[in-house]
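Take a look at this single chain, the form predicted on its own, given in structure tokens.
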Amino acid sequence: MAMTRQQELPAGPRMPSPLQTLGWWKRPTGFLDRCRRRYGKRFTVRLAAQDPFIVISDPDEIKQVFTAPPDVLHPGEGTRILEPIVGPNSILLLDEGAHMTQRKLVLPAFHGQRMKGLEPMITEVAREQIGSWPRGESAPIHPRMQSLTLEVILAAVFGIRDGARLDPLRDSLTRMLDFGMNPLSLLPPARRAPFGRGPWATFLEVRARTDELIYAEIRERREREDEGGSEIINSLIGATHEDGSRMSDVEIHDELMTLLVAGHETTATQLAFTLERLTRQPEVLRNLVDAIDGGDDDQYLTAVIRESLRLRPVLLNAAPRTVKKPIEVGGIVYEPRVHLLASAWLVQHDADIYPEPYAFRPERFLDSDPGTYTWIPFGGGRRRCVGASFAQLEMAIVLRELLRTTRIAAGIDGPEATRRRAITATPARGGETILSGR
């Protein structure tokens, strides 16, 4: 949709918008790198049938975007494609006061003590899953990590590992997520389905079944007034609005779906990227195994995870902020109907901030914590991912359990390229890895 008024925007690629869209989706990191080399740390990208995106990677400008008043920039509008999966009450989609209200209700589920209570469960799932993986053959590690992280998030959310109760939900969620990972499947043409039932009708059936299972779980917890334990569903059921009222079943459903989606795919992909890098950096891998064996209080393991999140961010940018009121960023006043996009990929591969930015060097984070506006794999500001600590805890446990018992080696020669999978970036071949016993 065209803008209602003309304004002077930063320079950017001059090729037609369909070609920019092709580069954006097919070669996302290469496209971003080329644009920065030519246009600097701020440039305009014009994607087909959308208002302009201003890609920024200067930390000061990122700070201005992340700290802007919530009525000036709306991040929720940039994630509308996820609404059919997560529902309209998801904190991913809400803006202004509604977002902050919902965020306050969700945050206690990720309190430190609750996370501590989940560690034994994550460890148990990791050991079971890793112990079942075949040895001695090259295979993509990404699908295996997807299976593992799905088991973890289901157990974390519902606190159950009973097959009879989990199997139907696992099946429905897997089918929903497979559909959602193809962005074209959520666009209007797929819904019209001129021939036969079409994928949209199938998706609606699967979603209805998933909703039925989740609402049944919510009702059962309410009826037995179960608000204890570490499971996330109980935290949401026990949460209250400022007026003392409880969250509605619909609100709880939408937040649970958000956690199940966001807490599954992204963590699995980041783990796959981490192993892809470790198998090609023998010195880093050796140092990590020695640190795990020696029980060094996870300092080096934490540094490896932070460096993986810097070098290969699964989300290449923070949620786009749609300008609702004029705002000045970096000396430029942006009018409504443009999108400001803080690029995690570009700021985290900036040689001015990270020397040798394309090298995998965990030592960067041994003596210093990541910067608030220079390390943004989980976004930032009011919209920073509420599950960031949980994701890093899960990654640490999985890597520790894997490397404690297993040797890993690259399944193919050379590094794997990055390809886009819906809104995430993944190893092009799924992280081909050979596992063998230690």
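One rule holds for the numbers: they count along the sequence shown, beginning at 1. Note that the structure is a prediction, hence the values are computed from the model and not measured.
The form predicted together with ligand HEM is left out here; the points below concern that form.
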Checklist line | Listed residue that, although ligand HEM is not shown, lies within 4.5 Å of it in the model of the complex (heavy atoms), from 73, 122, 236, 309 | finding: 309
Note to self: Using a 4.5 Å heavy atom cut-off, which residue among 279, 287, 266, 129 comes into contact with ligand HEM in the model of the complex?
What the structure shows: 266
Checklist line | Contact label in the model of the complex: residue 275 to ligand HEM, heavy atom within 4.5 Å | finding: no
Next item on the list: Would you please decide whether residue 26 lies within 4.5 angstroms of ligand HEM in the model of the complex, comparing each non-hydrogen atom pair?
Entry: no
Check: Within a 4.5 Å heavy atom cut-off, is residue 383 in contact with ligand HEM in the model of the complex?
Finding: yes
Check: Can you check whether residue 270 is within 4.5 Å of ligand HEM in the model of the complex, heavy atom basis?
Finding: yes
Check: Of these, 32 to 40, 387 to 395, 49 to 57, 403 to 411, which stretch puts a heavy atom within 4.5 angstroms of ligand HEM in the model of the complex?
Finding: 387 to 395
Next item on the list: Assess the spot marked by 105, 214 and 247: is ligand HEM within 4.5 Å of a heavy atom from every one of these residues in the model of the complex?
Entry: no
